[in-house]
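Coming up is one lone chain in structure tokens, specifically the form predicted alone.
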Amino acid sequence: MTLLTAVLAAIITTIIWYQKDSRNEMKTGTLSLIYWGASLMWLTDAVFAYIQLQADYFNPSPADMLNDLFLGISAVVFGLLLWLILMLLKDPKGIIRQALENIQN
């Protein structure tokens, strides 16, 4: 479930980046790379878990699947938080800078 969640997030952000953010103004390409990196990490984890568990890998308990789903969602949310911090620091549309100037005046 962690791999599935990360790949789904990576595909969605890649489509958004490809269609909407041609100038990479909102850094959706960076968000997409974060999710593709997480997908690669979970794929590596899945390969090593399969090597260790063999056929049992394909028969997880419902509790394990739920835990994996929560872990995948947590990874997606953490990626969004990293992207949000990047957006706050870069301020591509100048909104934060303008708000700070209005406060000073």
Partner chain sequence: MACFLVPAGEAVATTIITKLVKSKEEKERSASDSINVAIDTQIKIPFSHKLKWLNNMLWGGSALLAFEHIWHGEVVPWFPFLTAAENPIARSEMLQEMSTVGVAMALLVSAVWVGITTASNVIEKRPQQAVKVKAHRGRNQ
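Remember, predicted model here, so these are calculated numbers, not experimental data. Numbering follows the first chain given and starts at 1.
The same protein has a further form, the form predicted together with its partner chain, not shown here; the description that follows concerns it.
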- Taking Met1, Tyr50 and Asn59 as the candidate spot, are all three within 4.5 angstroms of its partner chain in the predicted bound form by heavy atoms? no
- Query: Is Met26 a contact residue for its partner chain in the predicted bound form, using a 4.5 Å heavy atom cut-off?
  - Reply: no
- Query: Does Leu82 reach its partner chain in the predicted bound form, with heavy atoms at most 4.5 Å apart?
  - Reply: yes
- Message: Given that its partner chain is not shown alongside this chain, does Met65 nevertheless sit within 4.5 Å of it in the predicted bound form, heavy atom to heavy atom?
- Response: no
- If we check its partner chain in the predicted bound form, which of the residues in 42-56 reach within 4.5 angstroms of it by a non-hydrogen atom? Trp42, Leu43, Thr44, Asp45, Phe48
